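This document starts with one chain, in the form predicted alone, laid out as structure tokens.
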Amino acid sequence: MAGPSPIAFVLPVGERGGAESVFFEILRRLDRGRFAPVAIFLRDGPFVREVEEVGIPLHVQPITRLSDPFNYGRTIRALRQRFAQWGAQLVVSSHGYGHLYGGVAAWWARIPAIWWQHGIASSRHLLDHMAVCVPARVVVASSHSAAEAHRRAFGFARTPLRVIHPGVDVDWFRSPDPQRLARLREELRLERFRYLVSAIGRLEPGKGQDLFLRAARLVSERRPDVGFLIVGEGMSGTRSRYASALRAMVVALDLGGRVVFAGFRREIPEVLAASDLLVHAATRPESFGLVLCEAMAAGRPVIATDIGGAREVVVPGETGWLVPPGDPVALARAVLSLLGDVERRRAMGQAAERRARTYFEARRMVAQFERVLDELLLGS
């Protein structure tokens, strides 16, 4: 009887973001009777330790720059050797950047490749143009919005395009740890606020924390009892001018004492338990918006900008609100409407949790991905 099929996952970064959270759930939940996942990281970082802690075999293959031909060639050869050593039967690459390494090495090793394109494809993005030329049996998009963007950018190619909505561990987000929650409240002095509005995500242009702060200024004029929590940090090893600009905005908008920068946090269920609602004010299209599902799983209503994959997550008027992108007045109005209506806020939170459990549960996502793996393994 044949053993489980080795599946190699090529992950371009070692820090956790939305895409990394998706792969974390896949790596730890794949049916071990049928699949044996292994992970290759192209950069080291704290997420590597998280994957290691759950017992996933892994290897770190450091890269420099894609434009460095010598390093690129060495990396491709090393990946090919790793695939052979593990007996990989499929290679799954994250993002176009990962596919330019994992997909090329898989093609050289004559192993079927899957490209999970977590971002929004653009015809103006050189890496996307390069990645779409690398053979893949299937391209996975995280939303119908992302799939449509891929088609607009590259047309209807012969490579099948599948949509798999990312998922979260709903029970984990519904079960915050009381001691961690108490420590979080004490550390950040959250008891000084009657209400807490949170924004969670990497600090980078496009995530919309600047829009969040402009809306916070408008909310604070009406509701001095509201605090604003920003969770996240910029990529390590880079100079985050955006993060510095956000802190300067707090001073310029006279929000000192009202805004808390919490940095990177692993205790997201506790952050959400301490929050009354979540705002995701992206100013450019995102393929999905996993943090929206996390907040919904925690029973919190969400307010997001009406752009990209958020339209497939949030049901306006039922689980939260969608507002026009780049409009701090509309965003502030939505926040004030929910803070001022406790019954509606509670009802929306309950509906949000039901929707997350029905459509965005991690087990559902993994089952859909396993069907794709089965199809390719049977057809290879």
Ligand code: UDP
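Model, not experiment: these values are computed from the prediction. Numbers for residues come from their place in the sequence shown, where the first is 1.
Below, we refer to the form predicted together with uridine-5'-diphosphate, which is not included among the displayed structures.
Novice: Quick one: is V366 in contact with uridine-5'-diphosphate in the model of the complex, heavy atoms, 4.5 Å cut-off?
Specialist: Contact with uridine-5'-diphosphate, no.
Novice: Contact between L290 and uridine-5'-diphosphate in the model of the complex at 4.5 Å, heavy atoms?
Specialist: Yes.
Novice: Would you please decide whether R124 lies within 4.5 angstroms of uridine-5'-diphosphate in the model of the complex, comparing each non-hydrogen atom pair?
Specialist: Contact check for R124: no, nothing within 4.5 Å of uridine-5'-diphosphate in the model of the complex.
Novice: Examine R189 and determine whether its closest non-hydrogen atom to uridine-5'-diphosphate in the model of the complex is within 4.5 angstroms.
Specialist: No, R189 stays farther than 4.5 Å from uridine-5'-diphosphate in the model of the complex.
Novice: Going by heavy atom distances of 4.5 angstroms or less, which of G263, G256, P178, G73 would be at the interface with uridine-5'-diphosphate in the model of the complex?
Specialist: Residue within 4.5 Å of the partner: G263.
Novice: Quick one: from V231, L196, V219, A149, grab the residue that has a heavy atom within 4.5 Å of uridine-5'-diphosphate in the model of the complex.
Specialist: Of the candidates V231, L196, V219, A149, V231 is the one lying within 4.5 Å of uridine-5'-diphosphate in the model of the complex.
Novice: Using a 4.5 Å heavy atom cut-off, which stretch among 97 to 105, 79 to 87, 179 to 187, 290 to 298 contacts uridine-5'-diphosphate in the model of the complex?
Specialist: Single hit among the candidates: 290 to 298.
Novice: Go through 13 to 28 residue by residue and record those having a heavy atom within 4.5 Å of uridine-5'-diphosphate in the model of the complex; state none if no residue qualifies.
Specialist: Contacting residues: R16, G17, G18, A19, S21.
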